[in-house]
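So this first bit is one chain, no partners, the form predicted alone, shown in structure tokens.
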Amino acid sequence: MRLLLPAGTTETALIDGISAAGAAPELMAHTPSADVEILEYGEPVASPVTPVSPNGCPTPAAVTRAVREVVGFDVSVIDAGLSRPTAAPTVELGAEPGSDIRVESAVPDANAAFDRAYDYGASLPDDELLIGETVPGGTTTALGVLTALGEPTRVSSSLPTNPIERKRRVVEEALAASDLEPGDCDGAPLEAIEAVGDPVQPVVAGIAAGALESGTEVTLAGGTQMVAVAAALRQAGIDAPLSIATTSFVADEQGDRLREACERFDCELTVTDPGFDGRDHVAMRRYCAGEAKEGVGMGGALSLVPDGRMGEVRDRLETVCARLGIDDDEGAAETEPRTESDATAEGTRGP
């Protein structure tokens, strides 16, 4: 099994109050670059921050890395609009960082990114693929795309209390900036992404479309952001079998809405509970309190854990958190940037 991880950024993430993907807005652009290093090497090696929420919840990359260390799977990282460099090896598809969706064109190269990603997905030799994502602000852009497509709209959040009304106001402003009404992009998903999406979306959709049409089994590893991708694929006429794998944290927040959305887009749904409520560790407590919930392929990775081995994943998550500087005794995490010399001196480590 291979996990593909498109990683990118959008200036939408800088809008106040819509994302917890980083302890401070000025550090958020580093989050995807650090996420892919954590997944590849077990900790940041060039990125100057460890992504944590303001309350100290570690990035889902820590969970996905813990699963990888327990069960093992291959990873390929795709640069889908990174705005900061990363030491992790990446596949370059020419994607650019996304603009704030409240400008006229948030992803002007959406069509080209989709086409390049399609060719890449079609060329892969794998029989099965998990496709994840890391892009701060991605639930807001997902809401934008779903609204532009005229699909039922409800998305998750990395925050304990979903600021859904704030997101809807942002999407209203974004649609107005692109001279669109809800549903105006029905049947034209790349137009929706270009107007109010993020650069990770056409890359995920393109890879999935190319892989599916070449006969590869595809699971979208994520929550409501992947629902938006599934909607785009179905509206693009891709009717091959498709799955979504997410966490119990997303499913609990969304209730019946998630299952109904998967039924609408003819997607098999897998929900995995990692059993974090059985551990008294700051990271697991924050997840159980409703932070982060999903991202960096977390739900898909957890779905790979064989019966009886989830306890090993929880043990390993504690090890990964210690490596990341997350001190359970104090509930503290490394949120301040390291110096450039610190990052450089650490060099690169093997997986």
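A residue's number is simply how far along the shown sequence it sits, counting from 1. Keep in mind it's a predicted model, so treat the numbers as computed, not measured.
There is another form of the same protein, the form predicted together with a further copy of the same chain; it is not shown, and what comes next is about it.
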query	finding
Residue contact check: residue 241 to a further copy of the same chain in the predicted bound form, 4.5 Å heavy atom	no
a further copy of the same chain contact in the predicted bound form: residue 251, any heavy atom under 4.5 Å	no
4.5 Å heavy atom contact, residue 216 and a further copy of the same chain in the predicted bound form	no
a further copy of the same chain contact in the predicted bound form: residue 284, any heavy atom under 4.5 Å	no
Candidate stretches 69 to 77, 196 to 204, 227 to 235, 257 to 265, one within 4.5 Å of a further copy of the same chain in the predicted bound form by heavy atom	69 to 77
90, 153, 178, 272 - the one with a heavy atom within 4.5 Å of a further copy of the same chain in the predicted bound form	90
Stretch 105 to 123: residues contacting a further copy of the same chain in the predicted bound form, 4.5 Å heavy atom cut-off	120, 123
